[in-house]
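Given as structure tokens, the chain that follows is alone and in the form predicted on its own.
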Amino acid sequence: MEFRGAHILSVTQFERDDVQRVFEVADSMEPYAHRLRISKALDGAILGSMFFEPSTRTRVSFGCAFNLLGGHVRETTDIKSSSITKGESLYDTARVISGYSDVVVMRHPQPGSVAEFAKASRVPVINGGDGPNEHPSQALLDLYTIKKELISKQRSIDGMHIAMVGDLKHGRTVHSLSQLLLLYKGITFSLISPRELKMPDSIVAELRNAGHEVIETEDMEAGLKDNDTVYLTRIQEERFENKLEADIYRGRFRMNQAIYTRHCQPNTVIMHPLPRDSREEANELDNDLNQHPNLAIFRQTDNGVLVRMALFALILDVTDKIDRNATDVGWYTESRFD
């Protein structure tokens, strides 16, 4: 794909070479993300950060990624604080905000809303999540994490076994990651969920048509065996009619130290897009795994900054200017990336 000036709306835009290009640029961002160097490649550029649905990691990491390249961030963090509550259309909002920005990141609860916004935008738009539909930058950072974790164990994405656990019906992260994995070969998917919350049939069909093996099960113990990676998700309460409906499924599939030791391979990578629901009735990923060396959830969040920096650099066409606009860090900071 041509990254320069492109909207990033769906993982279906990417070919395998495109993913590799993002990962190569992400690797080059480490000195800047790790506060070893400072770049002003995007000095003067403005990111319009529009999040009409709650977000911590995605919103903050996109903002940090832009700041680390020297840009400035202007945020809208609540639909109630925008003119949409006064009846303004997405078209009008897009025309206005894109006049103030050089690139826009948007999250919205309605599927397809970010693509609708992008049609009217005068600048590139990145989908930060549109309801239960897609989350392309999360899929890229998840795959980047999987690649890095498997390389350390002398494995690769081609031929890997991955278990996806939890609310696979509403989880946009597993939808986008599954579709991105269509670009790879010989993967075995163990899809572990209640029957009512299983992966959409259309995605399962695409995986099988691409030659991947797909096992759908409600038996977590059986589904966890022989996987290189376990990707857990929370029950997406906000996608249900009410809390009581979500409570039917909450806490049904949990991972803790005892379950991991009993049913997973010793080197199985543990992932979760966060937030994990740590309430007692849910607790899909227990705190007793916090110090486990194969728990990759915080490496995932760190990798999110690298991947989002790469997307900005590619879209705004500054990959060759980052090092040329670099200086040394002028303050003391402890390393947070060991």
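Heads up: residue numbers just count along the shown sequence, starting at 1. These figures come from a predicted structure and were not determined experimentally.
Although it is not shown, the form predicted in complex with a small molecule is what the next lines describe.
- Exactly one listed residue, out of H34, H292, K40, R57, brings a non-hydrogen atom to within 4.5 Å of the small molecule in the predicted bound form: R57.
- Interface residue among T229, T173, S98, S113 relative to the small molecule in the predicted bound form, by the heavy atom within 4.5 Å criterion: T173.
- Between 268-276, 42-50, 22-30, 65-73, the stretch whose residues reach within 4.5 angstroms of the small molecule in the predicted bound form through a non-hydrogen atom is 268-276.
- For R234, a non-hydrogen atom is located within 4.5 Å of the small molecule in the predicted bound form, even though that partner is not displayed.
- Although the partner is absent here, T145 is not a contact residue: none of its heavy atoms lies within 4.5 angstroms of the small molecule in the predicted bound form.
- Using a 4.5 angstroms threshold between heavy atoms, N127 stays clear of the small molecule in the predicted bound form.
- In the predicted bound form, the small molecule lies within 4.5 Å of some heavy atom of Q138.
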